[in-house]
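For reference, the chain that follows is the form predicted on its own, supplied as C-alpha cells.
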C-alpha cells in the first residue's frame, strides 16, 4: 500500500449511547486514499478525529507519527481540508478570500504566490478579482481546493469534493487531484459516495461500516477478496475449445458455461479452485491455453459484497 503516513489503532468514539467508531483500525498511505462506506459508517467522525477536533474514548490516532489529539495544532499545520459544505465571504474577490485564509492559517499571503495558487487550481486571472458570490459551483470548489493547499500541506482531506458538480467539473477536480499528487507529492484522503470516480484516481481504499474497518488495500486486493464472496466470470481462449468445455461442464464449482465466438465464458462459485483446476483440465486433453481473463469487478461490487457480508 505504500508508505504509511497515518494510522488509527483500535480507536473507539462514542456520542452518548451511540458508537461512532468501534475499535477502528486503518492506515492512511502516501498517495491518494479513498475513504468509503455507507451513511453512518463513521467516516466524518474519523476525519474530525484525525484533525484533533474530537478526542477518542479509547485507542490512538496518529498522523505523521504524531498523536492527533495531543499534537493537533502541529498536525493541522501540515494538513489541508476541503469540507463538503463550503463557506466563503461572497463579497470578497477570490484573491481577497484566499489572502484572508492565508493570514488566518499563518501561510504566506504574498499576492504573487496566491495568484499562482489560483492558477494552479485553474482559476484564471479574470476570476482573481471577481466576487466569490458570482462564482459558479465548479469555481467555488476550485477556490476551496486552493484554500486547502495553503501552506503546502503534506496531506489534503477532501469531503465529497465533487458533490453537486456537473460531470465536466467533477472530472476537472479529479484530474487536478491526480496532478497535485503525482507532480507535487501531495497525499489525499477523499471521502466520497461516487465510487466509480474514486476507482479511477485512488491508490488505496479504506472501506468502513458501522465504525469498523471492513477492508483496506489497493483495488486489486479489494477485488480479489470480493471474488471469493460471489460468483465470478472468466473468459478463456483455448484450443480445442470443445474438449475443454466438456470437462469444465462436469466441474461442480462451475455455475454457467457458454461458448461465444472462439472463447469460453465460465461463471464459477470458487475462483481459486477454478484457477487451480483449469491447467490440469487443459493438460488432460492436450489443449493449448492462450488466455485466461477474469471479467473485472468494480469498486461498487466490492462495496456491496463487503457490506452485505457483514450484515449491514
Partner chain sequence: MSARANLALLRAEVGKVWASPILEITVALMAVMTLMSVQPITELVRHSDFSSVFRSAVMGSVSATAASLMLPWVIMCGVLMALSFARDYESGLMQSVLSTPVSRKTFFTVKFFAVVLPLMLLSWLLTTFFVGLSFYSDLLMVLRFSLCVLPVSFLSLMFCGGLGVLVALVVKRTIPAVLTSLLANFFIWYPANIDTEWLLREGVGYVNYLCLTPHEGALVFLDRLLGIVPMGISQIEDALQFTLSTSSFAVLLIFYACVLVIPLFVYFIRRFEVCE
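Here the structure is a predicted model, which is why all the values come from computation and not from measurement. So that the term is clear: the rigid core is the largest set of C-alpha atoms that superpose within 1.5 Å between two forms. Numbering follows the first chain given and starts at 1.
Omitted from view is the form predicted in complex with the partner chain, to which the following refers.
Just one listed stretch, out of 167-175, 117-125, 104-112, 190-198, contacts the partner chain in the model of the complex at the 4.5 Å heavy atom level, and that stretch is 104-112.
Although the partner is absent here, residue 130 sits far enough away that none of its heavy atoms falls within 4.5 Å of the partner chain in the model of the complex.
Taking non-hydrogen atoms only, residue 138 never approaches the partner chain to within 4.5 angstroms in the model of the complex. Although the partner is absent here, residue 30 sits far enough away that none of its heavy atoms falls within 4.5 Å of the partner chain in the model of the complex.
Although the partner is absent from this view, residue 53 contacts the partner chain in the model of the complex, with a non-hydrogen atom inside 4.5 angstroms. Checked against the partner chain in the model of the complex, the residues 233, 76, 210, 215 give one hit for a heavy atom within 4.5 Å, which is 76. Contact with the partner chain in the model of the complex, judged by any heavy atom within 4.5 Å, is made by just one of 219, 180, 100, 241: 100. Contact residues in stretch 6-42 (any heavy atom within 4.5 Å of the partner chain, taken in the model of the complex) are 13, 15. Once the cores line up, the CA of residue 168 ends up less than 2 angstroms apart between this form and the one not shown. A movement of the C-alpha atom of residue 132 reaching 2 angstroms or beyond is seen between this form and the one not shown when the two forms are aligned on their rigid core. Core-superposed comparison between this form and the one not shown: the C-alpha position of residue 190 differs by less than 2 Å.
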